[in-house]
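Shown here is one chain on its own, the form predicted alone, set out as structure tokens.
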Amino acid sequence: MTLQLGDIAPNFEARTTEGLIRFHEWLGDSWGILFSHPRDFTPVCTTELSAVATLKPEFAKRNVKVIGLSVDPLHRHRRWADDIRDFGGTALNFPIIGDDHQTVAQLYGMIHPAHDELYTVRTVFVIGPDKKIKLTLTYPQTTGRNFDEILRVIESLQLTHTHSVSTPANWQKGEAVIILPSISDEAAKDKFKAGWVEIKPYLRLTPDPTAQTARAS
């Protein structure tokens, strides 16, 4: 199954290290990250899950729930949790799906047979409160993910979800954003009280609206 941006994230029921979940119900009104790792007790995966455990408070600040997946069974996940804690100093604090029958992996297209017929690639799905897929990232098994970058992308997605803007290359929270070309100058005067700098007629930079709101409060 090939999932595309804007598709409804498939719902499923699965057993995890934190009990049985129904995915959409578990997400509730939160944003979500569903990410797969190839196998338990492997070096890159251990570093990744440790990084996510450390960053969980940052995800929580942004109303994001995180859930991992491996095609290994739950009893291996629970044993592996000790290694994850030992590596990064933070205990495993988010659920991992035991997907030993590959049910969720197949539903989300996480196994790429030309790459590996048995184990998942490093896939990331960012899912909005509307249960629609907002972003997908796929890494090979040998390359660990940059979760600081995933946090940055979520900040961009949340900003552009609520304001008529997009974010430029290498954007960081608080930096200038781009007014959508579909917004006329006249309409922009009402929406963007701080004004803008016109680089090109289609490229207008305005201060980050959320930064302005934070200063006003």
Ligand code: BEZ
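The shown structure was predicted, so the numbers you read here are calculated from the model rather than taken from an experiment. Don't overthink the numbering: it's just position in the shown sequence, from 1.
Not pictured, yet referred to below: the form predicted in complex with benzoic acid (BEZ).
*Asks:* Consider the chain as shown here, without its partner, and state which of T160, T54, S30, T42 has a heavy atom within 4.5 Å of benzoic acid (BEZ) in the predicted bound form.
*Replies:* Flagged contact: T42.
*Asks:* Considering benzoic acid (BEZ) in the predicted bound form, which of T138, T90, Q106, Q141 comes within 4.5 Å of it through any heavy atom?
*Replies:* Residue within 4.5 Å of the partner: Q141.
*Asks:* May I ask you to check whether R122 falls inside a 4.5 Å heavy atom distance of benzoic acid (BEZ) in the predicted bound form?
*Replies:* It does: once benzoic acid (BEZ) is placed as it appears in the predicted bound form, R122 has a heavy atom within 4.5 Å of it.
*Asks:* According to a 4.5 angstroms non-hydrogen atom cut-off, is P38 in contact with benzoic acid (BEZ) in the predicted bound form?
*Replies:* Yes - in the predicted bound form, heavy atoms of P38 and benzoic acid (BEZ) come within 4.5 Å of each other.
*Asks:* Please determine, with the chain shown alone, which of 42 to 50, 59 to 67, 161 to 169, 179 to 187 has non-hydrogen atoms within 4.5 Å of benzoic acid (BEZ) in the predicted bound form.
*Replies:* Answer to the contact question: 42 to 50.
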